[in-house]
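Next up: a single chain in structure tokens, the form predicted on its own.
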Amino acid sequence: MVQVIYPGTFDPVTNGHVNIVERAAALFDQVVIAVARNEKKMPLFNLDERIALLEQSLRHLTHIKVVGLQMLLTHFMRENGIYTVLRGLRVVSDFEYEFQLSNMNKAIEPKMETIFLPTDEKHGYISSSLVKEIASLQGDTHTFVPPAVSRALRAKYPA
């Protein structure tokens, strides 16, 4: 079985994230979505909420698995025997950071390979940070995120 890990904070999951997972699901036997705890980013949604929102948003896919990531990605990969990581790219500036991260991870775990997949153009401008800002100002987020996420954002930022 050919597996890939798609790591991220997913705070919150956007339609761009969903697009990447849907396309990866067509390329791999299983896509493991690793949701990073990453308290440094001060997430709006806690780890369990982000996992639940991803599961709800991706329930139309059959060969995905959503897990919490509370360790170094390379350690998680070693423990699970999965050495391919998927990184989504929205804009060219994403590539610089992702390329540096890929090289750092490869230095830690030489077996690791990174695959970069650009999001579809129609989702390229969407970011979790912008979605949270729109929601915090009572804006409508339904075109940027799955329905469950839009509802969760309204609950976090009531009018």
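Each residue number is its position in the shown sequence, starting from 1. For clarity, every value in this text was computed on a predicted model and none was experimentally measured.
Quick note: we don't show the form predicted together with ligand COA, though the next part is all about it.
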In the model of the complex, the residue from 51, 64, 69, 112 that sits within 4.5 Å of ligand COA by heavy atoms: 69
Report the residue, out of 58, 32, 44, 36, that has at least one non-hydrogen atom within 4.5 angstroms of ligand COA in the model of the complex. 36
Might residue 101 be said to contact ligand COA in the model of the complex, defining contact as any heavy atom within 4.5 Å? yes
Using the partner position in the model of the complex, report whether residue 73 sits within 4.5 Å of ligand COA, counting heavy atoms only. yes
Is the gap between residue 145 and ligand COA in the model of the complex 4.5 Å or less for some heavy atom pair? no
Any chance residue 141 has a heavy atom within 4.5 Å of ligand COA in the model of the complex? no
Do any residues of 7-35 have a non-hydrogen atom within 4.5 angstroms of ligand COA in the model of the complex? If so, which ones, in sequence order? 7, 8, 9, 10, 14, 16, 17, 20
